[in-house]
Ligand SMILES: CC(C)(COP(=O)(O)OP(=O)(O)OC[C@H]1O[C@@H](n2cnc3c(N)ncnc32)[C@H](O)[C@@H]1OP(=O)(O)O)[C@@H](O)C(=O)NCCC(=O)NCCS
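Next up: a single chain in structure tokens, the form predicted alone.
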């Protein structure tokens, strides 16, 4: 049984009623998490799309991804996976579900920002063909008050 085995996962569209769990998961995943209201506001934007991963039997949320579309480009705003489901393929499953959704909306280029020290995320993004196109020194403020450089990554998806 997971977390020792890969969890069974169901992926579906993200809705406003997912905002509470998403805010909790985002706050547990990042030094400066987003509130439930912030996530609801994002989801109310017509260009914002996302999906959630849940464990089918318990319906326990395991992760989510949010993206913002503009013309033929989109940006992954965030991707978060529950601590006990990390390194088990949940993030990869979320991206495999979300990217075709973005392509269907006419997106050709997908961008994201990631902490240059987040090797697990960089490995994941590399699998999807993301390459570095820029950097933002001091972009992230960490929990200890220090800052980290964000790498700007881009992938051609359509």
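Residue numbers count along the first chain shown, from 1. Every value quoted in this text rests on a predicted model; they were computed, and no experiment measured them.
Here the subject shifts to the form predicted in complex with this ligand, a form of this protein not shown in this document.
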Which of 66-74, 42-50, 115-123, 100-108 has heavy atoms within 4.5 Å of this ligand in the predicted complex?
-> 115-123
Would this ligand be touched by all three of 30, 86 and 90 in the predicted complex, meaning a heavy atom each within 4.5 Å?
-> yes
Residue contact check: residue 57 to this ligand in the predicted complex, 4.5 Å heavy atom | no
For the stretch 127-150, which residues lie within 4.5 Å of this ligand in the predicted complex by non-hydrogen atom distance?
-> 127
